[in-house]
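Single chain ahead, written as structure tokens, the form predicted on its own.
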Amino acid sequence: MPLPTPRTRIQKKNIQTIMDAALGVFSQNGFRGATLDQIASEAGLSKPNLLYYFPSKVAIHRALIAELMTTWLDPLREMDAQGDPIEEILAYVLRKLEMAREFPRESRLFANEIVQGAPNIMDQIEGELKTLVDEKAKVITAWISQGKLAPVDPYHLIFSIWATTQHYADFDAQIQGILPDKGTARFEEAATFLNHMYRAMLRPQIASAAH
């Protein structure tokens, strides 16, 4: 088979422009509400030009989700079984919160897809994501059995981390409505709160010596 022709600099630039435009349109309107015309307009390209690079709305969405899954899962992959358990988990919590700050559109894109039943990414959720979560759940279970963590359900711990960090991206308008004067300080305050909450929850209880 002949090798695929390498993309030119202009082609790479146009693909990235389309991806950036689609991220904004999908994160605001969801998959069903987004249209190719909206994406093309946002990208500053004609619809035929857009279709030269991506044959359908589904193709653009899948490309975005594939890119997002890599970015989203990297912090969980970095959780080191040989590290200090509480510090490893707290590093994951704080990195996820920072991602909510740095990548709010990506978070909302993912949330919109999940709310709709994950029709375009269920294979990735049941495959790559589940495999990674199962792997890290075993690490957390081992830490608990070694007495290094308080006994918690590892899966619900991971779910709670997602909920308490991604909330700051997915529901940012609500937070800003309630805390209008906080600005970016809301993330620093959230980091302090989550650090305290998870440390208190995960710290193993040392039984006092019997007298």
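Just so you know, these numbers come straight off a predicted model, no measurement behind them. Start at 1 and count along the sequence shown; that's the residue number.
Unshown form predicted together with another copy of the chain; subsequent notes refer to it.
Colleague: Picking from 139 to 147, 154 to 162, 58 to 66, 44 to 52, which part of the chain touches another copy of the chain in the model of the complex when contact means heavy atoms within 4.5 Å?
Modeller: Looking at the other structure, the answer is 154 to 162.
Colleague: Do all of M19, Y92 and A100 end up near another copy of the chain in the model of the complex, with near meaning a heavy atom within 4.5 Å?
Modeller: No: no residue has a heavy atom within 4.5 Å of the partner.
Colleague: Quick one: does A111 come within 4.5 Å of another copy of the chain in the model of the complex, counting heavy atoms only?
Modeller: Output for A111 is yes: heavy atoms within 4.5 Å of another copy of the chain.
Colleague: Does at least one non-hydrogen atom of I175 fall within 4.5 angstroms of another copy of the chain in the model of the complex?
Modeller: I175: yes, in contact with another copy of the chain in the model of the complex.
Colleague: So, A200 and another copy of the chain: in the model of the complex, are they within 4.5 Å at any heavy atom pair?
Modeller: Answer yes; at least one heavy atom of A200 falls within 4.5 Å of another copy of the chain in the model of the complex.
Colleague: Does at least one non-hydrogen atom of V133 fall within 4.5 angstroms of another copy of the chain in the model of the complex?
Modeller: Heavy-atom contact with another copy of the chain at 4.5 Å: present for V133.
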